[in-house]
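Here you get one chain, nothing else, as structure tokens; it is the form predicted on its own.
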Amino acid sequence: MRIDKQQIATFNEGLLAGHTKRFEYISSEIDGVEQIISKLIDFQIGIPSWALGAGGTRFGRFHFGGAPATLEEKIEDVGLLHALNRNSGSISLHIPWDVPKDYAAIKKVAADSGIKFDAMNSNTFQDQPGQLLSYKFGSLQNVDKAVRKQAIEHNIEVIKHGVELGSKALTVWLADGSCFPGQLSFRNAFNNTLESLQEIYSALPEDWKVFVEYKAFEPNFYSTTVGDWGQSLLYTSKLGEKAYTLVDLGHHLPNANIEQIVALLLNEGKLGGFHFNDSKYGDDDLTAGSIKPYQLFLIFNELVDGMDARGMNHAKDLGWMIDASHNVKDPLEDLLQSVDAIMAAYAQALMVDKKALEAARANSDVAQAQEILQNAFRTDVRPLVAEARKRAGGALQPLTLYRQLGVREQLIKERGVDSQTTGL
């Protein structure tokens, strides 16, 4: 299925009068509106291939019709999202599920949908059919050197696939750790993992990055070998200048100050990118901004401030990706909501009066500093985000048009009610 420009233009025409009124009002209230809109248009968020199908828990999974069963269909689904919101211009692949059979053909499918290939993702947290050695007791940390070698070779294979597709980054997330005291030596696990990562790092092309992701718990519940941002920073600092920490918003213990983590990683030049999602308890993988929208804004406030301080390009110098599990929602609807929430938080952060905030800080005016941030957060920036979408060729209300066009119903007709997505 394709959504053409005329369908979007016709839909927007019916909403234009109301939108124009709201946009003109907010434009009169905000300085630098055109610069903000320009940045919003440029900002692109990678869509993970594994989030296009039904999510699930250890208790079960509820499938839905029209799910993408092939890599081509996954790319086409991201193309649908991008056509609607114009901020979903890349797909992040997960190997071994997304191994292309024909690189040229896959690149053409992506190009036809206006989609690029974001960071490649390896998988050593599961055993695959026909796999010689098991990762039950870890992969890059394993006490068995043969298991470590197998995991290293898999990551190098992922890099090779990415090179063919035009990707420029590898994301490594490890389930490695232990469930019980005494199960492993923490020092040996760290050193084995570092040695393994060094071999992977040596296989990176010159213009590539490697993102080392961290997670506090699950599936191991006593220790995780890359358990927090400090451990990830240790690895990336030892690996070299092409290695960076990747922050998944759900991979923290409750009440962690993620915005402070982001600020310090940026300060050290070691923040690589994000997996956006939201959580109430742990790694819930919920829609971005659905539970803690103020935290998402505060994170973006630190991002904008830190990137500007380092002269970084907002759109290109960090990796922006979503990582979510769609257990009860249509994944495409959920992803549209996540992108919209991310764009709103970014727009709010761009509105913060930096000079006034710095003055309040210089005077230790705590109340005024709070007011400056909350005034930006409480501003309804949806007309700004919608205007940026419209100018880029997207829909003023992507989710409404998605439903109006009956996209899910059309996908069910094309792919069947029982189609299932490869992956998690």
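Model, not experiment: these values are computed from the prediction. When you see a residue number, it is the position in the sequence shown, counting from 1.
If you look for the form predicted in complex with another copy of the chain, you will not find it shown, but the lines that follow are about it.
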Partner contact check in the predicted complex: of 98-106, 158-166, 275-283, 204-212, the stretch with a heavy atom within 4.5 Å of another copy of the chain is 275-283
Residue 355, heavy atom within 4.5 angstroms of another copy of the chain in the predicted complex: no
4.5 Å heavy atom contact, residue 315 to another copy of the chain in the predicted complex: no
Answer with yes or no whether residue 152 is in contact with another copy of the chain in the predicted complex, where contact means some heavy atom within 4.5 Å. no
Taking the shortest heavy atom distance, is residue 289 within 4.5 Å of another copy of the chain in the predicted complex? yes
In the predicted complex, which residues of 357-373 put a heavy atom within 4.5 Å of another copy of the chain? 357, 361, 362, 364, 365, 366, 367, 368, 369, 370, 371, 373
